[in-house]
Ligand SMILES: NC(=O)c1ccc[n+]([C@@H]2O[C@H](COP(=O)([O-])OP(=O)(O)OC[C@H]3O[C@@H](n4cnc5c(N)ncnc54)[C@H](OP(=O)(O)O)[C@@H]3O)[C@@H](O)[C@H]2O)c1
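A lone chain, given as structure tokens: the form predicted on its own.
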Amino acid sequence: MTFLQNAAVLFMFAIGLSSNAEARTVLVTGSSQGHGLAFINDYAERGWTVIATTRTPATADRLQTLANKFSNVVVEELDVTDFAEVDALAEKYAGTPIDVLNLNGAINTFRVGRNTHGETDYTWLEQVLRTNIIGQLYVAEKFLEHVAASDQKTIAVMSAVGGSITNVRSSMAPSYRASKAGLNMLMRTYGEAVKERGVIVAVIAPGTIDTENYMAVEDPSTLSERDQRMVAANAYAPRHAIGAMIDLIDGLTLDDIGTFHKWDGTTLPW
């Protein structure tokens, strides 16, 4: 996008803010696919002002399609591990209240990477921890002033059921699980650090949501083997889990910062 094109987008975004002053604003990381893309769609349908971030906007075709469909969606480039990029985006939106900072972007090593003890790729493990833990905190801290200036004052952190140490029953996906357990602790303590400013930091496990509606496919044999197994095991959370989490986030208070939430409002053990 050229400088003039980018300026035009920001101008239209600013007009949207001023013409709908009561609209709440959400910034979502990891918006190009899966949960993040579904969050963008559902927030946009609810009339929120949506800042959708992704590492590679130029190749995020489905996200760009949503941005073309909804005038209240703007797409921004953001790699949570690139601190200079985070700083620049935070500065770009300086003075813009952000009601909900939705930290969704992460590396899901259930799908990619080495997951077996004894065969650990430590370079890969370091990347997972940098993305899933360190990058999340950096974004949360750099956008704290934006969140604190809003009405809702909420940082919603997408963790995972696999981040529960109490519920460990196998050695599967240790890198991913460790990253989410570490994220839980880091954000739990961050919640204590910022609660005096009225900022709510909540950890939520969305589960594996059927954002593509695989469970409704007439011929399951057309799905990948993994998705066929997930459908057969009824292991997907329903598509409406995204909306349920938006409702959950809307109802959070400072009393909820000590709770590990599941998408349906139930409580998970840390």
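The structure displayed is predicted, hence computed values, not measured ones. Quick note: we count residues from 1 along the sequence shown, nothing fancier.
There is also a form predicted together with the ligand; it is not shown, and the following applies to it.
Taken together, Gly30, Arg55 and Tyr176 are fully in contact with the ligand in the predicted complex: each brings a heavy atom within 4.5 Å.
Residues within 4.5 angstroms of the ligand in the predicted complex, judged by any non-hydrogen atom, belong to 73-81 and to none of the other stretches in 194-202, 90-98, 141-149, 73-81. With a 4.5 Å cutoff on heavy atoms, Asn104 counts as touching the ligand in the predicted complex. Among residues of the shown chain, Ala160 is one whose heavy atoms approach the ligand to within 4.5 Å in the predicted complex. When the ligand is considered in the predicted complex, Thr131 lines it closely, a heavy atom lying within 4.5 Å.
Shown alone here, Lys180 lies within 4.5 Å of the ligand in the predicted complex, counting heavy atoms only.
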